[in-house]
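What follows is one chain in structure tokens, specifically the form predicted on its own.
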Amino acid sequence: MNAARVLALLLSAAGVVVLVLVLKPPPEPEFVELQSSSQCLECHPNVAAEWRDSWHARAYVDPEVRRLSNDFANEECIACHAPRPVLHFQAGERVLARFAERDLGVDCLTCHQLPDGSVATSSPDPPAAPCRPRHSPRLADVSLCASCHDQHGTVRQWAAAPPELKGEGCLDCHAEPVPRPAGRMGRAHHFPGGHDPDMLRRAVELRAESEAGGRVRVELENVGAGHNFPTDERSRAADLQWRERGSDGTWSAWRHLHRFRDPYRDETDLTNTQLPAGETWRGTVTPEEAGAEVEVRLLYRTNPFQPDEEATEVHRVSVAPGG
């Protein structure tokens, strides 16, 4: 065999070796079972920053939660404010409280850790990584949220909502799509809710207009929430108030008109006055001075005893004198 042919065979063999090396999938990284959500933060800094800005991250340390739970002497609250991984339980099943790192609140492992220690992702083709990410359809299902957020009926309220308000699930309103590395789309982890003024304003519409006899008709319509308003924690409350401007130009004090709230079980003298999705509450006020200018406002309270100055003013409407 001449030298040229030997060289050709060697080059051909080398080419096959190179091709095999190129096409051969890289070895899968050694599996690392996550013991803490702090291990996620290095690889996912953008998501971590969003999560830190969320009320999920503050679920256990929020001073208001501490007060309302008597510093978690009401141990029933801990299960949802520092839960074990939800995917370790059946869909919709109530979770149990964890014992470690409770200050992280509702953290990465709460929603993403699978029973075998790997990590659930919404991506249909997740990249190889030490945490072994795997696609899980439960991550986008309402049952994931229901484990905590249906303790007071929110997911059941969503199921009964009109189709045009309920969307495909919780994430449609509470986790908008955002671009992630490698050109893929993911979900934002801020999870806005009752602490977000813009979301509150989009949820309901406040209207007021004059009626015969000097009365003012007031309406509040749930136009944007795919569940009751306000929902979830029974400590939430929304109040309609009104005032009038007298002929001397001064405003009266704010007067109570109506409260929207689901009371605690031991408040047996109260009934559930939440406003279901798509429905409208109607009432009237009568100024002391005929034809007086009237203002109506809606305040949202993150606890029912919150003073007016600490509540969020969601809407305010005016009815002109004699209007």
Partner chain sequence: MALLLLLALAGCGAPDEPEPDAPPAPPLRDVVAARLAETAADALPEPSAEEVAEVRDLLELLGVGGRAGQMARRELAGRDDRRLAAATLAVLEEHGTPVELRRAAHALLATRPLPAALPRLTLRLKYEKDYPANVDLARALLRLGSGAGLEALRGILLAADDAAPDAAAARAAAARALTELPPREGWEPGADFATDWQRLLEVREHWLVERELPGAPTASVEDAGAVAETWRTVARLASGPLRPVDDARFVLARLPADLALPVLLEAVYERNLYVREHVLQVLSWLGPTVGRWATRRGRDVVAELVPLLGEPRSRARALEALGAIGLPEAAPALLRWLRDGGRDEATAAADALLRCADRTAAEEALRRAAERSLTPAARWSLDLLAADVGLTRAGPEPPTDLDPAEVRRREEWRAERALRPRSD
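Residue numbers count along the first chain shown, from 1. From a predicted model like this one, the values you see are computed outputs, not experimental measurements. In this text, rigid core is short for the largest set of C-alphas that superpose within 1.5 Å between two forms.
One more form of this protein should be noted, the form predicted together with the partner chain, which is absent from this view; the next part is about it.
A residue is said to contact a partner when one of its heavy atoms sits within 4.5 Å of a partner heavy atom; C173 fails this definition for the partner chain in the predicted bound form, lying far away. Though the partner is left out of this view, D198 does not reach within 4.5 Å of the partner chain in the predicted bound form, counting heavy atoms only. Taking non-hydrogen atoms only, E75 approaches the partner chain to within 4.5 angstroms in the predicted bound form. Proximity of A97 to the partner chain in the predicted bound form falls within the 4.5 Å heavy atom cutoff. Among the residues H88, R138, R180, R202, the one placing a heavy atom within 4.5 Å of the partner chain in the predicted bound form is H88.
A heavy atom within 4.5 Å of the partner chain in the predicted bound form is found for exactly one of D116, E164, D71, D248: D71.
None of 57-65, 280-288, 40-48, 253-261 except one has non-hydrogen atoms within 4.5 angstroms of the partner chain in the predicted bound form; the exception is 57-65. Within 4.5 angstroms of the partner chain in the predicted bound form, the stretch 247-280 places a non-hydrogen atom from each of R265, T268, taken in sequence order. L240 shows a C-alpha shift below 2 Å between the shown form and the other one [criterion: core-superposed Cα displacement of 2 Å]. Comparing the forms between the shown form and the other one, the C-alpha position of C77 differs by 2 angstroms or more, with the core used for superposition.
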